[in-house]
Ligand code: DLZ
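Only one chain is included here, represented as structure tokens and corresponding to the form predicted on its own.
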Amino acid sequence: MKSLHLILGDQLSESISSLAGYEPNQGIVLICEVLEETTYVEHHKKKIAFLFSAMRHFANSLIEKGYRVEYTKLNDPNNTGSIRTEVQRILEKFRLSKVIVTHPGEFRLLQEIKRWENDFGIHIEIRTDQRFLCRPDEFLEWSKGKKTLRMENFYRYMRKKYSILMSGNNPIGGQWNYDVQNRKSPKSELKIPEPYSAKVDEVTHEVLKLIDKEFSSHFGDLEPFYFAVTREQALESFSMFVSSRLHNFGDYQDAMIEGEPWMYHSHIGFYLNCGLLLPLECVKAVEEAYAAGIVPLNSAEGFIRQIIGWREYMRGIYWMKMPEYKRLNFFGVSHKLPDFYWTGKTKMNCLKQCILDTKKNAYAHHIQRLMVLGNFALLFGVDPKYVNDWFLSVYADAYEWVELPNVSGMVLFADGGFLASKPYAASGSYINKMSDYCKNCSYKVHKKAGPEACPFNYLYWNFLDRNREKLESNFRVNMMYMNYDRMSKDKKNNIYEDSIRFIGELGDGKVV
């Protein structure tokens, strides 16, 4: 039986399950660039360029190793424009009778692929994605009988399962989590290492020309382009992180500095999420760096928690709760995303910096996403659909399985607390503590009321006030209501009036 081995754009690993058992005389590998996948949301130019270049390099490496690869470029004259129609075209061209594919990362694609068996009249074999460390069915089993699903408990389960940073049944160092040591503010002079930058070769250069021509209207800067696009480059990038950035990652992983978008972060989400790197190999390397005395425990643990904790937990929640998770809107909010999320034209310097960093790099680190960009959307009351579409389109590491639970569950509390125990809402004081953004802002972070006051200050209290019925019983938020109730009537009126004024000015198209 001749088979079509389909490789999706985020499955660029030679160890991917869809290639297991491949025989050149019995199979064709299909990798395709299609317009539908670049435009269902209008992805960042740099994101499309990164994935197309990585896909082309991966295809070339397979061909060199003897695989029969059918690769469809976006501008090929016979390109039919969607994964479905490309699969159909190749099936007919080579008279293949079976499709083998690894479980896709997005619900919409899984539903599409499941329809092919009836539509094409052939067998579709969907294999487990073994790059992840917890299967969806295993996550469901872990969740049984639990009143609440908290990442910390799942993280401990994963640490034990893979014996990571463990001494027998106990965590090395005596604690599971060193997050309290990972919140230093960037008040001292920090020397941030230069980030990894790959050389642009002929393949990438051809892709950049294609993207510049075909996606000129999409958000984001195409160049400079510096992403790793091969496994070798991705490994080099990760090695550079371990040797030059990981030591300080723990202390400053929540810090933000104007003009320093990369900070001490690893920037390997790009490569993990498309398959150029594998999670367990990265976790083991960091564990070994700690054992060798190269990095402190809080840095090693903080990194490992992001990989085997948050990353796997988000994927588990996604597959557990889809498709209804995408429609959740706990606060019933309906504002559209402000235009400045696309232009950066705002007087709020924290938002301006994070948006311009995103525009330039197709990247912002997790605190910029959560506590600045996401925090404003939460306080302002943006419909989760618009926020999810934006996050999915602008970040090169964003796929729905990781983006949706992070945004709807953690950033917007749109699931009412299924994922997070409280909304991650904050006033300007948090941003001031964790960044230097406020010193160059048009607003004054220490002012609580009036046109010069930081909008985060009054929008924060306004958010709590208008959602009191839904949040007051939350034990992690109740203290803030006690603080609000101690405010004078005049102060509460100022909060309301400043919020209404700001929302009105934004709605009128003013730069705020």
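When you see a residue number, it is the position in the sequence shown, counting from 1. Here the structure is a predicted model, which is why all the values come from computation and not from measurement.
Just so it is clear, the following notes concern the form predicted together with this ligand, a form of the same protein that is not shown.
Engineer: Verify the contact flag for Asp415: yes if a non-hydrogen atom of it lies within 4.5 Å of a non-hydrogen atom of this ligand in the model of the complex, no if not.
Structural biologist: Result no; Asp415 lies far from this ligand in the model of the complex.
Engineer: Can Tyr399 be called a contact residue for this ligand in the model of the complex at 4.5 Å between heavy atoms?
Structural biologist: Yes.
Engineer: Is Phe52 close to this ligand in the model of the complex, meaning a heavy atom pair under 4.5 Å apart or at it?
Structural biologist: Yes, Phe52 is a contact residue.
Engineer: Is there a heavy atom of His123 lying 4.5 Å or less from a heavy atom of this ligand in the model of the complex?
Structural biologist: Heavy-atom contact with this ligand at 4.5 Å: absent for His123.
Engineer: Given the stretches 470 to 478, 31 to 39, 483 to 491, 58 to 66, which is the single one in contact with this ligand in the model of the complex, using a heavy atom cutoff of 4.5 Å?
Structural biologist: Flagged stretch: 31 to 39.
Engineer: Just one of Cys134, Leu297, Val242, Leu109 has a heavy atom within 4.5 angstroms of this ligand in the model of the complex, so which one?
Structural biologist: Only one listed residue qualifies here, and that residue is Leu109.
Engineer: Among the candidate residues Ile317, Ile83, Met434, Cys354, which is the single one with a non-hydrogen atom no more than 4.5 Å from this ligand in the model of the complex?
Structural biologist: The residue from Ile317, Ile83, Met434, Cys354 that makes the contact is Ile83.
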